[in-house]
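The form predicted alone is given below as one chain in structure tokens.
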Amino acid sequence: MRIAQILFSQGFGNRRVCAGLLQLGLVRVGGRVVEDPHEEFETAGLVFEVEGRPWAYHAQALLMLHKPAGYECSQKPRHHPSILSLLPPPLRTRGVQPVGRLDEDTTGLLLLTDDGALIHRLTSPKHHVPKVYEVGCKHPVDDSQLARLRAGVVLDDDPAPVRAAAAERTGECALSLTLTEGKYHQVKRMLAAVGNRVETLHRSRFGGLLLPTGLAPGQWCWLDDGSRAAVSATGAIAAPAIPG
């Protein structure tokens, strides 16, 4: 692929901007300055530099972000900054977007991609991709609440019961909740339906992916092909490696 097309595909600007980066000698491949926009490179495993910053080529972007509190999962946020502001400009330019949404006060594992087909597959209720939430509650969690969450509770806008795939107590006022749907404020509404209240909410797992302990709030990492395959899995796997 021509280097100008590579830069364009990776989000480094429109074609004129990418040509300008090359003309100014700001692009390097293998430590060598590349100025000819027509010079071709194999994209498999390609790492290039733009203005001294290394960048690995990805035909489609798939990222994991440790979402901190106080950010909205929206391109046009209303009350808080967008989680997209935590990403470097090339990723925003190429159009990555969150896979589903987490409320502004919810933390944890958030996937972002520019692969529309993958977004549809992961958010479609037909595929039952599990997400695990660690919930801190205002009141003690008892066995009857856990049983009702597993059996199903009725939310205000839907007469059909909504069930947790799993619900386990992790502390006096805490539980781990596994859901395979993504209704609006679902965890908070389910806990309210059984007489409790969510105080803190953190997503620790999406499909077969676990949030790495080394990924701090606000940080993100690329996901490799193995992690991409694991996203739709139903069993937990090891967390992806975080670059040092």
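Keep in mind that this is a model prediction, so the values were computed, not measured. All residue numbers are counted from 1 along the displayed sequence.
Beyond the structure shown, there is the form predicted together with a small molecule, which is absent from this document and is the topic of what follows.
Chemist: Only one of these stretches, 74-82, 162-170, 98-106, 141-149, has heavy atoms within 4.5 Å of the small molecule in the predicted bound form; which one is it?
Modeler: One stretch meets the cut-off, namely 98-106.
Chemist: Please identify the residue among Val34, Leu211, Val50, Leu201 with any heavy atom within 4.5 Å of the small molecule in the predicted bound form.
Modeler: Partner contact (heavy atom, 4.5 Å) among the options: Leu201.
Chemist: Answer with one of Val187, Ala193, Leu175, Leu62: the residue that has a non-hydrogen atom within 4.5 Å of the small molecule in the predicted bound form.
Modeler: Of the candidates Val187, Ala193, Leu175, Leu62, Val187 is the one lying within 4.5 Å of the small molecule in the predicted bound form.
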